[in-house]
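A lone chain, given as structure tokens: the form predicted on its own.
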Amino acid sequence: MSEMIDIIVDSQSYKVQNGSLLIDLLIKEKIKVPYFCYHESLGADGNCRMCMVEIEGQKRPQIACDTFIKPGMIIRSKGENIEKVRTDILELELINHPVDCPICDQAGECSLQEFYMEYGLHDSKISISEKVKHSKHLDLGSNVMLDQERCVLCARCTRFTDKITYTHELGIIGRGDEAKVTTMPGRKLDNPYAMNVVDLCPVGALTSKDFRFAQRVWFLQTVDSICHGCAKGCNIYIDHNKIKYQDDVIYRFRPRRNDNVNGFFICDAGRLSYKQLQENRLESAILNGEKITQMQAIAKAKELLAKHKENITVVIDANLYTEEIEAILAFAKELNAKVCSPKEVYRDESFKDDMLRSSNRAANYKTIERLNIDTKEPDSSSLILNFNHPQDFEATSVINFLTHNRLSLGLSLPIAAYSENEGTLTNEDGFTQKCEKAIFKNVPIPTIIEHLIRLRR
């Protein structure tokens, strides 16, 4: 480990590792410095020149993303001189940039907008008619759209396909005003993590075909959660909005940084899983294909439990929250029921890769293992209480507690999806993580724990 040294930034002393990058310190300490090309997962590139700072003893300003910290450094990140440098660099960035802000999906979370308000506010020396025009709304593949005119050539997207996915679909061609990002000849952007370039893009050049024009970002509410797509447990943001008189709706998942789990990224399958989460929901209790009331469903469930009280098997979905699983186990103990969670249905070797995708498609299977829950198939001669397990079971009688519609026999009661509830999950590496409740429906669907309380009455 490098020795810790003292340096001064804006008259404030900081302890930092000798030889580390200056921009990492500035980001960590929330010292405002503009940058486009630098990203902690991609390293320094040094092409945008926006992160200029003054260093005592240096003849001219230096870029923070390529400055290694040395003992005794005295750095100024603000002041009239350095802000004038940033304004001049930003003017060069904006020479050919289109005036698209009112219609750009990135508006409201665009670094270029923010930096212009802080360091720009200059009169353009170039008229709109003089700007060099490139192609707009190009479909690169993998749900990613490119507007070449908006690009500031930070090269984050090209470095992502070179350094992270090693798929090399993107590159920069041309020189000067004619330089632009594009796909390699005869290729499309096509890898399981392609949509991460949308998050990496600091401007509106790369946008999500899925989210494009769906919602303005300042209307969205954001909640911390965990992807349920596999056992990796990638951290995500759930962005949602409740329009007046309508139900709360999820508009997108975004990756949330966690260096112990997923770093900065998530796979496209997990990112787009919000659609499946909201589609084809079971919202009414069903008995043999006919809708019934919640009260009738609970009464019927109690009747079946009493009738089969000597022979009951409880089946638990390995995607449920730990708190739900523990509550189900306590209920099963009261019924003197067998408990299982068949695991083969979660195994998907074709999904696995060397980055973030696990062949185990159950978000909380570590908890199933920790609680020593049987993983064999249930006894088909018993009454089966299926708590959202993805398998359909043939049995004498079945009571299903489901988030989504299925062609299931017997009695089915709707339960809240994970976005409509809160709880904890333990991923395959043993990290226990919290999911917050994101969605508040106009007519809330009961949680598993609420159903268990009603069944006990």
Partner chain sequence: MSFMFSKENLLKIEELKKRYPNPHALSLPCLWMAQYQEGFISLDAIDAISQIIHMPSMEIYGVATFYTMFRLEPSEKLIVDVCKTLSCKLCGSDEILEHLEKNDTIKLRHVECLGSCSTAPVMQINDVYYENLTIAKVDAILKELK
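Numbering follows the first chain given and starts at 1. Since the model is a prediction, treat every value here as computed from it, not as a measurement.
There is another form of this protein, the form predicted together with the partner chain, and it is not shown here; the text below is about that form.
A.B. asks: Quick check on this chain: which one of Ser77, Gln278, Asn143, Thr183 has a heavy atom within 4.5 Å of the partner chain in the predicted bound form?
C.D. replies: Checking each option against the partner chain in the predicted bound form, the one that comes within 4.5 Å is Thr183.
A.B. asks: Going by heavy atom distances of 4.5 angstroms or less, which of Ile173, Ala330, Val345, Ala299 would be at the interface with the partner chain in the predicted bound form?
C.D. replies: Residue within 4.5 Å of the partner: Ile173.
A.B. asks: If you check in the predicted bound form, is His168 within 4.5 Å of the partner chain, heavy atoms only?
C.D. replies: Yes - in the predicted bound form, heavy atoms of His168 and the partner chain come within 4.5 Å of each other.
A.B. asks: Tell me, yes or no, whether Arg254 is in contact with the partner chain in the predicted bound form, where a contact means a heavy atom of each within 4.5 Å.
C.D. replies: Answer no; every heavy atom of Arg254 is more than 4.5 Å from the partner chain in the predicted bound form.
A.B. asks: Please tell me whether any heavy atom belonging to Arg187 falls inside 4.5 Å of a heavy atom of the partner chain, as the geometry stands in the predicted bound form.
C.D. replies: Result yes; Arg187 sits at the interface with the partner chain in the predicted bound form.
A.B. asks: Have a look at 174-182, 226-234, 316-324, 337-345 and name the one stretch with heavy atoms inside 4.5 Å of the partner chain in the predicted bound form.
C.D. replies: Looking at the partner contacts, the answer comes out as 174-182.
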